[in-house]
Structures are given as structure tokens and as C-alpha cells.
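Take a look at this single chain, the form predicted on its own, given in C-alpha cells.
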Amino acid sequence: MKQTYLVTGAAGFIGSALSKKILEMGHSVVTVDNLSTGNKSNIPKEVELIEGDCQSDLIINKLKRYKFDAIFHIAGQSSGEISFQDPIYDLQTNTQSTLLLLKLCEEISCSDFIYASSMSVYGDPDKLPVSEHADCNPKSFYAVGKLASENYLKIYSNKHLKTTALRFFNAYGPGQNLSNMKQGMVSIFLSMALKSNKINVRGDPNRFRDFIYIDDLINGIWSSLNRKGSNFEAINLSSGKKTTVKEVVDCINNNVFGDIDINYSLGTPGDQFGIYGSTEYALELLGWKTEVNFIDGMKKMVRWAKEHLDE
């Protein structure tokens, strides 16, 4: 049966990829996007665009005329660094928007709400790989807002509304914004390497992250529609693999085939030193795990980036 989904942020990297997946499955997509960081050309032509902010009462009122089978809330300010520059906007776009969309779910009797949360909610965990049962100690305004949204999801969950917080780890791959130099470690470094044969690294090269290829991430998001578990669940979408900043830089260097100058300097505020996620809960509740390793994923991304750098 053809269904209709709201995917917020379909002009962005993850939202556009999710929208394409849903269309390929034979369903319809409506999106809300303010086009502040995304590109309108990323939105598939079959998607109905409502241009504006998810935290706007005017936009929420426009959405009340639809019957959504599920809401995927992907949109939001996605940089920990930027959240320090404008914490009020971060709160509005990441948390107020969530609360308004949850209220919308109740009003239009939408039974499924899936939220793009973040591994940043953990802060610097004591034990790795970090599991969903670990304490959350956010280090940035962005992470505070994501965790607050998760708690709103938990309160709103009931027998009529299933809510899911997907804690994204570091997504990368073809389609990532190469001009946004505030968000996306891989895309930032790759853009620098291709444009100037130089990579400026802010922070310790021994910091580490858990990188997840975009196709794997989208499959995980889609799998959450049929997840097991309680009315509210928080689930890591991670590879379970630890990759250092130096390994990322070396991988780019090896695939760009240029004489890249690499410089290290002080880090950014609220930056986590090192984190990678446990994959056990995602396997249990979603029947999902990643398939693309970092080296292969980077080869695909570099090929794509060389072709699309100037777009």
C-alpha cells in the first residue's frame, strides 16, 4: 500500500538520501526545509516541498492537512561548534521543532515518529564501545538539545504513538555538502584536500570517531519503522569501528593522489575526544548492521567528490 511520509530536511545530505529511498519503495514524501544549509537541487522532483522552519507555527499548521504514516525528523542545525555561536537558534531548530512535530503527531493521529538524534549526547563515555544504556553527558549546546528532544520523545510515547531516537554516528559518503566547513569531518577534510591540497586539522590527531556510510545509515533509518522494543527506544546507528582522525587524513591522502600539506592546531569547543558505538541493540531491535567499511566507502566518496566539487 502506498504511504505518505514527512521527511524534514530533504534538501540536506541525509534527508535527501532518505527521501530517495522512500520514493524507490513506492511511497510519497512531503518535506519541510528552510534551505539554510541544504540545496534545493538535492530534493527529488517527486517530493512536495514546504519551504520554511520546522519550529514555525505557520509551517506546522500547513502540515495539519496531511495524513502521514510516519514522520522522520531529520532537519536541524547539525554542528556542535555553531551551537556555541547561537545556542538559541540551535534550541529552536533541534528541540522546539521536535516538540511541535510531536504535538502534530497527536493532532493528526500519526503513529510513528523517528528522530535524528546524535552520538554527541554521550559526551566522552567511560566505557567503549558506548551502549545505549550508558550515561549521557553532553558537551555542547547541540548535544543538550538532542538529548532534550529524546526526553520529549519518551514522554510523548504511548500506545498510540511509537517514538524512536536514532543516535547517528559520523555519516559520510556521496552527496555530503563539500561547502559546509562547520559540519562533517570527512567532507571538510576532503574538500580542503581537493580545493587547496591542504588539510587543516583542529584538534588531536589521535581523536577517534565511528564512521557510517550513507547507504548503511539510510537502511538503518528505514529499518526503524518496523523495529522491535517498547513504545520509546534510543538506538545507535553506528559501525562499531574506531577510526582516528589521522587515519581519516591518511585515507584521504592516499585516495586523492596529491601532495597534501597537513597542519594541526587547537580543537573546537565541546568536541568529543573519542567515541565509537555498540551495534548490539540495533541488531536486536532492527535486524540491522553496516555493510560498507570505511576504506571502501571513502574510495566511493572521493570518486564522487572529484566529479561534483564545483557544484
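Keep in mind that this is a model prediction, so the values were computed, not measured. The first residue of the shown sequence is 1; numbering continues from there.
Separately, the form predicted together with a small molecule exists; it is not shown, and the next lines address it.
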Within 4.5 Å of the small molecule in the model of the complex, heavy atom basis, the matching stretch of 169-177, 104-112, 128-136, 194-202 is 169-177
(Q) Please tell me whether any heavy atom belonging to residue 28 falls inside 4.5 Å of a heavy atom of the small molecule, as the geometry stands in the model of the complex. (A) no
Quick check on residue 36: any heavy atom within 4.5 Å of the small molecule in the model of the complex?
yes
Closest heavy atom of residue 183 to the small molecule in the model of the complex, within 4.5 Å or not?
-> yes
* **Touches the small molecule in the model of the complex: residue 15 (any heavy atom, 4.5 Å)** => yes
If we test each of 163, 149, 224, 118 for a heavy atom within 4.5 Å of the small molecule in the model of the complex, the one that passes is 118
Partner-free chain; cross-checking the small molecule in the model of the complex, the single residue of 278, 243, 55, 272 with a heavy atom within 4.5 Å is 55
